[in-house]
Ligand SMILES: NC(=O)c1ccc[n+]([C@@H]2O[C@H](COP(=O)([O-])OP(=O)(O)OC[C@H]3O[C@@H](n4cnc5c(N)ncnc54)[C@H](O)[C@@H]3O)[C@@H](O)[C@H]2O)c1
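In structure tokens, the next block holds one chain alone, the form predicted on its own.
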């Protein structure tokens, strides 16, 4: 079923891939970002602290894909707190007021960091978290807030623990780390993964789900929930899509 989807962070690497895949599947897509994307004119410009801009962006939206955030460890008070915590509050409240029926939240595999590096593999979504640092802690907050909105307001919420889709400048870093090839997430697979979240059955009330491409050597983040509930099957493997 075609629906109107708002993608925050639509000008980023994953955002562009998600927009393209949703459009390919026939959805009406609207972007929200701090910068414009020449390839996607339907982008509203604003930031996560601007409730007026957010409420304008949410009008008529059935599904929200929330990607916008400070994407890794950074100063907590000046970057992580306003963007990943306060910004999340504004985005969830704007979605609730607008009557959005599904919210897909970008979490991170970093919430299970220490299990991935030193524990029993693969890591399942139901296991206790072991955050890498403050960035991962903000994603734990995101997952908990999403659960609260699902229970209290009856909104379908899917929190996605993503693998590593390297940003510009990270190519050599991920290339040098063999374990990272097992949690690599290509842009094409990211687009398909989030489209599966958007199109998930209405029976999904709250879900935490891992999302990666095919592991190069060993499965570190279990993909059973992604396959059985969302119908997502990764098509690429490191270094495809780089």
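If you're wondering where the values come from, they're calculated on a predicted model, not measured in any experiment. Residue numbers count along the first chain shown, from 1.
One more form of this protein should be noted, the form predicted together with the ligand, which is absent from this view; the next part is about it.
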property	result
The ligand in the model of the complex reached by all of 34, 70 and 106, non-hydrogen atom within 4.5 Å	yes
In the model of the complex, residue 163 touching the ligand (heavy atom, 4.5 Å)	yes
Contact test in the model of the complex: residue 227 vs the ligand, heavy atoms, 4.5 Å	no
Contact flag, residue 42 vs the ligand in the model of the complex, heavy atom cut 4.5 Å	no
Touches the ligand in the model of the complex: residue 13 (any heavy atom, 4.5 Å)	yes
Candidate stretches 22-30, 212-220, 47-55, 196-204 - the one whose heavy atoms come within 4.5 Å of the ligand in the model of the complex	47-55
Contacting member of 153, 167, 101, 147, with respect to the ligand in the model of the complex [4.5 Å, heavy atom]	167
